[in-house]
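To begin, one chain is listed below as structure tokens, in the form predicted alone.
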Amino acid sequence: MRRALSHPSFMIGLVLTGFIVTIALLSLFWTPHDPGKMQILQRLRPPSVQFWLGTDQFGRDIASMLMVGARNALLVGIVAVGIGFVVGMMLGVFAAQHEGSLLDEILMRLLDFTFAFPAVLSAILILTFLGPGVVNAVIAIGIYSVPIFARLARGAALQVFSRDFIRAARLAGCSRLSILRRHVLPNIAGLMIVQASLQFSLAILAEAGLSYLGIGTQPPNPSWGRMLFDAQTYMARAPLVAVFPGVAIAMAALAFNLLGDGLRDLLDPRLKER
């Protein structure tokens, strides 16, 4: 706890992440205005007491839309990263168990092929077949995350399998499932959690990019990326309409990156104080 409190990256990331999560949870029960209510007479208003961050081109409250957008972004990130985490870790550990076999080689080459494409491009290719929508966007981002977690899990598991206590467990007659559950998974869990926090920021950026292109979260559901797309026409007249969702995306990406960097330092046994 003392090391965590004295780690600047971790604390800044934790505070920013906590703020975003609090805003997202608060939007489940309360927002300043109805985020979907259009008031044409109030369109493109500057920030005021009534509209804290102003209104967009349809007169919708930007603050309310950002709050609901935070909830949607976190939901997409949690589900997409969860898919990559679970499936990728299972594939990576399975490949590590069969290191050097034909099955391991085929699996790794398939993952390399998937990983060769950029995140947004991969998602666009997948959404071309599945169609636009937030559910399909989650699936697309999750599929792209699988090879990242799989390669990391395989490398970490190979290191654990080479340790003496694994050989001792095998000599003691422990089953493969028991070795995985008691020795391998606990030893790679910290590394996987760090990667999950870093991957979370990429998932939020990918969702915003897909929504900006019109194939992610669909109207009338608020999305930070969609808000940026709608605001670009009114940049000269009301630049703040684009500034606020842009700041929200940047802050979310920064928060989870700093949190991941901090967790990596805190969970790395080589960096612990003697």
Partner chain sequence: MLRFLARRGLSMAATLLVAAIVIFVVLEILPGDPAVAMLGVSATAENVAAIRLELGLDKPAFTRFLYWISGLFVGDLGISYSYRVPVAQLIAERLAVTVPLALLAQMLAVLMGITLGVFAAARAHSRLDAGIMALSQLGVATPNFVFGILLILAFSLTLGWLPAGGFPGWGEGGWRALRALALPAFSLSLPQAAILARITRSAMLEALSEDFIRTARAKGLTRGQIIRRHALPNALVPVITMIGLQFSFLVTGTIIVENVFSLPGLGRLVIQAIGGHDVILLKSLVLLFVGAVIVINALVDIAYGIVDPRLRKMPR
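Residue numbers count along the first chain shown, from 1. The structure presented is a predicted model; accordingly, all values stated were derived computationally and were not measured.
From this point on, the text means the form predicted together with its partner chain, which you will not see here.
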### Message
Against its partner chain in the predicted bound form, would A24 count as a contact residue? Criterion: heavy atoms within 4.5 Å.
### Response
no
### Contact test in the predicted bound form: T17 vs its partner chain, heavy atoms, 4.5 Å
no
### Query
Wondering, does R176 line up within 4.5 Å of its partner chain in the predicted bound form on heavy atoms?
no
### Message
Can you work out whether F165 and its partner chain are in contact in the predicted bound form, taking contact to mean some heavy atom pair no more than 4.5 Å apart?
### Response
no
### Contact residue in the predicted bound form, chosen from L121, L75, V86, L185 - any heavy atom within 4.5 Å of its partner chain
L121
### Query
From the list L125, V135, M90, I193, which entry has a heavy atom within 4.5 Å of its partner chain in the predicted bound form?
L125
### Query
When its partner chain is placed as it is in the predicted bound form, which of 40-48, 27-35, 208-216, 53-61 ends up with heavy atoms within 4.5 Å of it?
208-216
### Query
Within 4.5 Å of its partner chain in the predicted bound form, do R71, I148 and A169 each have at least one heavy atom?
no
### Query
Which residues in 237-258 have a heavy atom within 4.5 Å of its partner chain in the predicted bound form?
P239, A242, V243, G246, I249, A250, A253, L254, N257, L258
